[in-house]
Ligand SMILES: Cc1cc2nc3c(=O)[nH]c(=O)nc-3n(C[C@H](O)[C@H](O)[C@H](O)COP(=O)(O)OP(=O)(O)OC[C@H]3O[C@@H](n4cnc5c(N)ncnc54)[C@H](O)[C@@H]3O)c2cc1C
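Listed next as structure tokens is one chain, alone, in the form predicted on its own.
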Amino acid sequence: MDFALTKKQSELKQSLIEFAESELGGDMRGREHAGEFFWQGWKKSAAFGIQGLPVPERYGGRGEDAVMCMVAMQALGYGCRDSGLLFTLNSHMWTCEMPIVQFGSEEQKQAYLPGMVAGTIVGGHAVTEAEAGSDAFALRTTAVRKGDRYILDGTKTFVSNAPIAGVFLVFAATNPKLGWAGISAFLVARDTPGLHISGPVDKMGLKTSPTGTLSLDRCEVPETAMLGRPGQGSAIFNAEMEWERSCLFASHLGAMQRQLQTCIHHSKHRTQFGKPIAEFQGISHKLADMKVRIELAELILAKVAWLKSQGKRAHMEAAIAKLFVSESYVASSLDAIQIHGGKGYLPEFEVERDLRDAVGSRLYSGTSEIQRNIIARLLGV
């Protein structure tokens, strides 16, 4: 097995790290304090071609495979400290762009993908409801057919990118009696009558990624707004989750690698009892644990990327990757604070932010408990 990156992959990785370090920084602490989305970083990312990575060239994208996409997101996670911007980018790409690429009609692709690649259209993903979080397909939002149109009614919570999105992928029941088999997906433009957006909401972390609520009050859309076929919503959701549970978490892997380098540097220069704290076993073991998590995370993410690049399903592997990386990110963030001591607890040293951003990774894209359920079910138990 060859784990080495190709020349093209290595060049993309290095160029993205350099781009992120030089262009996606700025006043990160100020933006986080204000809960401000980094529009300039979003536009620079689009100009670099990030939003177009997985999109076919005919729609303005770069047509890269899953391996290249994962290498790119890992590089961004390493070079960019604005996890909110990265979360918005990932949500836009994997839960909005890719469903259109995989399931959209030619008309839908032409209408949305060029703008999404160029950064002029932000995608939002609307599946979660107050009573349908982990039980995603227990949603109560309905879509009732009326001639050649659908009438959508319901409320969506924790909608990523809601305050800034130009189009939403909304999941609704077209045949509630069928349960998960009666769920369909719709592309709903921001200016559609009956669609109301509120937010952003304040969060523990990822404060620069705007999250809000959608209310659909007799929101009328043409039948051509349906993505895929009636009842295909669960298939669309599962397909997009494979992308998100791998590429989004590749960004976290990059952050963990940056975290480790920061901790190594600190532990070599911070002295206690007359010597660098790196020489104390209690510290060196934490550094070793961080490295082990990184190596194992990279292996499972590489497996998911390889499977997807071969056109194969990676449902279990993506669940394993999401579970392991999210839990590892939290554990390493706690270790980073401990290694930095009191300084790690203070916002001005920008160590504690990783922990606040990491905790959410155990919840979004399906909680850690849901990932264990998926893995167990695929094991036949």
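The numbering used is simple: start at 1 and walk along the sequence shown. From a predicted model like this one, the values you see are computed outputs, not experimental measurements.
This next part talks about the form predicted together with the named molecule, which is not shown.
Peer 1: In the predicted bound form, does residue 364 come within 4.5 Å of the named molecule, counting heavy atoms only?
Peer 2: Yes, contact at 4.5 Å.
Peer 1: Quick one: is residue 271 in contact with the named molecule in the predicted bound form, heavy atoms, 4.5 Å cut-off?
Peer 2: Close contact is absent here: in the predicted bound form, residue 271 is far from the named molecule, nothing within 4.5 Å, heavy atoms only.
Peer 1: Verify the contact flag for residue 120: yes if a non-hydrogen atom of it lies within 4.5 Å of a non-hydrogen atom of the named molecule in the predicted bound form, no if not.
Peer 2: No, residue 120 sits far enough from the named molecule in the predicted bound form that none of its heavy atoms falls within 4.5 Å.
Peer 1: Heavy atoms within 4.5 Å of the named molecule in the predicted bound form: does residue 160 have any?
Peer 2: Contact with the named molecule, yes.
Peer 1: With the partner removed from view, which of 192-200, 129-137, 76-84, 303-311 is the stretch that lies within 4.5 Å of the named molecule in the predicted bound form, judged by heavy atom distances?
Peer 2: This holds for exactly one stretch, 129-137.
Peer 1: The named molecule isn't shown here, but in the predicted bound form which of 266, 125, 293, 207 has a heavy atom within 4.5 Å of it?
Peer 2: For this set of options, the contacting one is 125.
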